[in-house]
Structure formats: structure tokens, C-alpha cells
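The form predicted on its own is given below as one chain in C-alpha cells.
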Amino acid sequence: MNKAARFVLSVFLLLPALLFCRGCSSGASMSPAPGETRLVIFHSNDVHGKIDNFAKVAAILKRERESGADVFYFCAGDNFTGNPIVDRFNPPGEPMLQLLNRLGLDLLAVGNHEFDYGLAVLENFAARARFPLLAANIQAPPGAFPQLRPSVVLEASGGIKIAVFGLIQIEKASGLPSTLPERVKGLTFSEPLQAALEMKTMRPGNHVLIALTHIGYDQDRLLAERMPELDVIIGGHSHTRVDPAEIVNGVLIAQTGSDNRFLGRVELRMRDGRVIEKKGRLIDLRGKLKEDPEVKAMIDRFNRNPALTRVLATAPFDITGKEELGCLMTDAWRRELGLDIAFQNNGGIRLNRLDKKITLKDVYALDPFDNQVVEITMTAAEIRGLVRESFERGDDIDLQVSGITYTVRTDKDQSVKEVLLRGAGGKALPEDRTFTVGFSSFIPSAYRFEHKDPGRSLGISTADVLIHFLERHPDLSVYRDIRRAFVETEGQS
């Protein structure tokens, strides 16, 4: 055989090995040796009603389950609030329940938005779910919410026991999750990291210990530092895309971002009842992937709601960003309800853009919470205190406004030195009179600010007010590059 022929033959023989090594990249499955077990855990978080990619998820799960591996599917919370197809269904959330049951979800960690339809709706959801709901830091009164569990133990082949506990975030100021307080009335919440440490007792007697959390990426990292007994943390709430999954203090931390754009895949290799290798990656669901036809048919059926396609108004351009959208929302409340001033927090603005043709579905996606408009009579000093409180929550502008403009002046460390309020014509807001101020009902319940007037609900939802406003065909051209809230930092021009 000549030299050229030997070269061709060597390349031909080497090619399968090269292709195999390509498959050994971070996205490939780990091939277990004899006596080893491979566990695959798919996971989602913060889906917020975005159901369209579930047909792709179903096809991925089916393929993996047919491979012979032990396959599980977990969700780290916040399935509701963000898609009118789900939120406006009767009963609310029904499409999500049917799809998660069909996908064979194994576990759901309760997120703060699981409570957005009210506790009674969530209890009904849980009663019909084919999967447990987990939260180790929620305590319910005797007989209430019987489907809620702090933890479960799942079993894989070979008798491998997988202990999983859930956690939900709480706000420091209120000690409650980020939802309206009346929606969690009767439940008690404890600090999540402290509750997690009490779960160390699950380590002995189980082969794998997992925290399924809805506390955010930064808190997940802190949990890993404090609890190296964990093998894996699968998280949510902060909408952080962690790809590939990270190892912190020996603990694998995974999260998929939000809105069902990615599916997480964690893989564990076990030998003699111990985890000897672990890794995680994300699968991009936005491209062309195979879809399960039965699940696709379910989704198509849910999406057929012609009432939501009704066009309410047409703008001369897309309305984009928190400032433009927040000014539109607060203008609607102020003008329709005869208020002096209106505020909306950035977290209540759930889209980044309204297309030119604004439909009913768009409004319910922009403002999905069904919060009521609350009116409080306030002085300029009280309004100034509200703005200060809102800024200090995140060292940034948090409230969009109508009826006034405001400027937060800070030092170089972002400490608030002064809040300037200006009314019509840029004049300082009078200190000797009171103003009727409108809010989404979430703000008075979640923000700590002084106001002598306890306030009152106006008996209409923030979304419905916006719908009425748009149906009057206002001039929407005013929302291009509009801004009413500003920050001035000492020493910066």
C-alpha cells in the first residue's frame, strides 16, 4: 500500500472516533460505564404562560425517555401571569395545568406568581395536578392547601433515592412573596435560606439532594456556599440564563432564563450510590425543532380565542421600553379616572414593546395581574417619600409617572440626597395642597411609604382602564422617547 493510500485509510478509520469526540462536548450525554446510572433532569422556570414551545419540550422529553435513561422533569415556579391565553382562560391557568400534566411534570416549586389568581384557584390547580407542589418555607393552617409539601423523595432505577425540597422567595420588607398580600392570606412564610438549612436532615439515607428553588440566582449561589450537602440547585425567579450550569462550592446551579425560550437539561452520573459527575446545559427552543403533534394540537386549541385579537388602537410607531409604556399606562389611569397623578412600578410593566396595532391580547400581556386602581390623597412630602422608597429598593428609577415629573439626586454611592417634584410647566409641586394619586394596588401593599389617607379601591382593574383609554383613540404619537423620571448623580454631568 502506497503512502497516499495509507493516509486515506487512516483518516477513514479515525473519522468515527473524531465524530464520537465531537459528541463528547459539554452538550453531549455522559455514557455510563457498567454498574453506573445516568439521571437526566429537564427543567423549566418562569414560563409565565408562554405555552407555544411546549410541543418542542414534549418531543425532547419523549426522545430522552425512550433512550433508557432515568428521566425527570422539574419546574422552578412562576407558570402564570404573562399570556392572556392562560391568564384569561376559565378557570385561570387551565391551559398550563393540562399541558404540564400531559408533559409528565414530576415536581413544581411554588413561585410568587403561582398566587396571582388567588389561593383558592391555586388550591384547585394543585388538587388536579399530577405532580406535587413544593415549598419548605410555606406553612399552611391545618387542613388548608393539603397538596403543598416541603419535600419529596423520588426513586430512580437501582433503588437510587432523589430527595428534593422547594423554596419560594419573600420580600424583606413584608416577609411575603411578590404578590398581593390578600392572595396569600392565611399562609406563613419563613426565610428561605434558613428553611433550606433545615433540610440537611434529608442528606443521610438519600443518594441525591436537590433544591428546587424560586429565590433568584444570587440567593442560589449563597445557598450553595452555605449548604455543600446539596448536589444540585435548579432555580428560578431572577430570569437568569445559566449556560452551561455552574459549579459553586461543589454544587451545580442551573436556571433557564424565562418565557419558555430554553429548556434546561441536568445530567448526573452515579456509581455506588454517589454522584461522580454532573453537568447542565440549555436547549434553545426558539429554532426549528421537532414538535409532538398531540401537544401541538392542544396548544393550537388554546390559542384560538378570537376575542383577544380585537384591535383597540393603532399607534404611528411601536411603543417601546418601560418609560414609554409606563407613561401610557399611567396617563390612561389619570385621565380616565380624573386623578392628579398616577404611578406604575416597572415590575408591573410586563412587555417591552407594543406593536403599532394594539390588541386586547397585548394589553392583557402588558398588564396581566388583574390589579385594581387604588386612589390615595397625598401631600407633596408624602409623594417625595414614595419616590425615595421606590428608588432605594434597587438604586434606580422604579416608578413611571403621569401628571408630574421627578428627579432623584444622589451622591456617588447612589444614596438619595434630594427628590425634586415638578408639576405643570416645570414648576415645583406645591407643598401646601394635596393630590389624588392613583396606583396599581400592588404598590400600596408592597412599598413602605408614609400616607395619612389609607386610600380606597376604585373598583376597576388597571388593564380595563387602559382598554377604555385606547378605545377613545388618543394621540399615541406623544409616547415617542417620552421620559418623566430622572436621576442626577453628584459629580456627573
Partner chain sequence: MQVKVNEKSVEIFSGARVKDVVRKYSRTAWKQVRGKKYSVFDRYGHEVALDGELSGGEGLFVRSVEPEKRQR
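Numbering follows the first chain given and starts at 1. Bear in mind the structure is a predicted one, so any value in this text is a computation, not a measurement. For clarity, a rigid core is taken as the largest C-alpha set superposing within 1.5 Å between two forms.
There is also a form predicted in complex with its partner chain; it is not shown, and the following applies to it.
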For this session: Would you check whether its partner chain, in the model of the complex, lies within 4.5 angstroms of a non-hydrogen atom from each of 112, 441 and 446?
Result: yes
For this session: Although its partner chain is absent from this view, report whether residue 434 comes within 4.5 Å of it in the model of the complex, heavy atoms only.
Result: no
Exercise. Is there a heavy atom of residue 239 no more than 4.5 Å from a heavy atom of its partner chain in the model of the complex?
Worked result: yes
Exercise. Any chance residue 89 has a heavy atom within 4.5 Å of its partner chain in the model of the complex?
Worked result: no
Exercise. Within a 4.5 Å heavy atom cut-off, is residue 146 in contact with its partner chain in the model of the complex?
Worked result: no
Exercise. Among the candidate residues 362, 231, 389, 331, which is the single one with a non-hydrogen atom no more than 4.5 Å from its partner chain in the model of the complex?
Worked result: 389
Exercise. Given that its partner chain is left out here, which of 370, 291, 398, 336 has a heavy atom within 4.5 Å of it in the model of the complex?
Worked result: 370
Problem set entry | Heavy atom contact within 4.5 Å of its partner chain in the model of the complex, the stretch among 418 to 426, 253 to 261, 92 to 100, 157 to 165 | 253 to 261
Exercise. In the model of the complex, which residues of 450 to 468 put a heavy atom within 4.5 Å of its partner chain?
Worked result: 451, 454, 455, 456, 457
Exercise. Would you say residue 225 moves between this form and the one not shown, meaning its CA shifts by 2 Å or more once the core is fitted?
Worked result: no
For this session: Take the rigid core as the frame of reference and indicate whether the C-alpha of residue 462 shifts by 2 Å or more between this form and the one not shown.
Result: yes
For this session: Pin down for me whether the residue 461-residue 178 Cα distance shrinks or grows in the model of the complex relative to this form (closer or farther, change of 3 Å or more).
Result: closer
Exercise. Closer or farther: how do the CA atoms of residue 187 and residue 345 lie in the model of the complex, compared with the form shown, if the change is at least 3 Å?
Worked result: farther
